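Here's a solo chain for you in structure tokens, the form predicted on its own.
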Amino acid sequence: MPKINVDGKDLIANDGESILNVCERNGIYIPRYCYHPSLSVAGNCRMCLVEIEKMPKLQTACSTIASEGMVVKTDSEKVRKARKDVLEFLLINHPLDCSICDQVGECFLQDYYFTYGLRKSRFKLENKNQKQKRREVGKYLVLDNERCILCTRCVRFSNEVTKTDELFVNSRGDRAFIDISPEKGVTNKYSLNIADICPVGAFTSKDFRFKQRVYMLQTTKSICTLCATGCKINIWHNNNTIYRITPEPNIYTNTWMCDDGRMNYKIVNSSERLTHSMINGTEYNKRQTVKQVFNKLSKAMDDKLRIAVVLSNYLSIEDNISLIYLAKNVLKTPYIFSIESNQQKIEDGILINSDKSPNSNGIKLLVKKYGIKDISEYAEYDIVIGFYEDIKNLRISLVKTILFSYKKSSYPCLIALKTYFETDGSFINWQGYLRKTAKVVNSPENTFDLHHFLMEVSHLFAVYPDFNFKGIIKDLKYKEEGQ
């Protein structure tokens, strides 16, 4: 392992490690545009130039491998002048869009200008090259070629990650620009990652454009619940509104995330959202809903009807534990079932899982712990309690159900649930890692946390559960990151 000296500090490099990566590991920041840790090294922006003793010219830190005895300067006068010149070169044809650009607040071009530039342009505004602006290049992306600095991150992403090859550099010199294969367009399922990795606002998200300045937003770490992969995400929100979702890169599961996962927050304010519980066509508030469900279950028990409870791979571990408690301790029914998940695998070679439910592995552990029956043993029952997404596929008579749902439906008894953007929950992803959602916005007034709803129903039966969710989850066999 080579030993090098950077700005007077002795550092140990890994074999084959670049100077930029060595510095990054040791808290020394080197500016960059084209470099991205999950893409190949291009070395074309020249912003990461550093001075290396005994080398006549400045070298790119992203592509120069650290070797024994290297003495590197990352902030010498020679380096600062080179970065200042690179910035002037990049800004020659850059438009004066800052006041209307969505990248403000996370723009590397602005940040580095204030650090290394602060130089009035020597070129007249009317002499700038003009290129296409506001090009719709896909379902979710807008491209502004004038803002582009040709770092080629987007081209490498489409070549190396999605392998769809939609983007390429057209023409040469100062007339060069990012272009789209006319027969393709940017149609891959990960297109919004291109907006994330663009350092200067050339690619922007149609969904997020002109909604909020990023420095006005708060970020909360959570997970995507759209499939069993369970990607780690950042939810950007302000004033009880979610504005966008971006990936939280990590070594365990995901660097990127799919476009569908980013759009999953739309359910919160969708026209299809169930904001009141609906029983036989009538809307009920929370208190009335609890009473109505209690009356229905109480009568069923008095009439000695058979009641079945179906656990859900879509619901959190806490909510499924509550369903088990309701069945065993309140309804006294042995008819508790689980639904076997689809085969779990990454179906596209990147992130999207063939199992579209987020908690199949969590349910498997609960099945083992509590001895839950498989749905294949299901017979006819007088009342079935479960999650809408599961029950709709089981061909059960509508009148026999009490269902929990986020969405409107024709089922006669629907209990309005909070989404996992509005409540916390624990899930175990396909790798076996325990992951948690986080509440980021308030829910509609008459929607429920499922476990709170079941607790209130239990109270009317004079049963008072004291759920020890942390203790039960701790006893489950899951993996923790770092193990």
Partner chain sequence: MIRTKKLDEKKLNFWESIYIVEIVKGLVVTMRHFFINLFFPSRIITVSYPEENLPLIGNAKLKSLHRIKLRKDGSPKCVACMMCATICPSKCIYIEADETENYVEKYPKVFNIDMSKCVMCGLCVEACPEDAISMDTGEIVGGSYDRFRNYKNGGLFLTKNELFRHLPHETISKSGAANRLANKYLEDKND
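Keep in mind it's a predicted model, so treat the numbers as computed, not measured. Numbering follows the first chain given and starts at 1.
The discussion below concerns the form predicted together with its partner chain, not included here.
- In the predicted complex, at least one heavy atom of F210 sits within 4.5 Å of a heavy atom of its partner chain.
- Contact check for R134: a non-hydrogen atom falls within 4.5 Å of its partner chain in the predicted complex.
- Contact between V399 and its partner chain in the predicted complex is not found at the 4.5 Å heavy atom cutoff.
- The shortest heavy atom separation between G185 and its partner chain in the predicted complex exceeds 4.5 Å.
- Though its partner chain is absent from this view, in the predicted complex it lies within 4.5 Å of a heavy atom of just one residue from I267, I346, L96, L305, which is L96.
- Here is the short version: of E318, D144, D390, E166, the single residue with a heavy atom within 4.5 Å of its partner chain in the predicted complex is D144.
- Listed stretches are 96 to 104, 247 to 255, 381 to 389, 336 to 344; the contact stretch with its partner chain in the predicted complex is 96 to 104, by a heavy atom cutoff of 4.5 Å.
- Contacts of stretch 212 to 240 with its partner chain in the predicted complex, defined by any heavy atom lying within 4.5 Å, are made by R213, Y215, M216, listed in sequence order.
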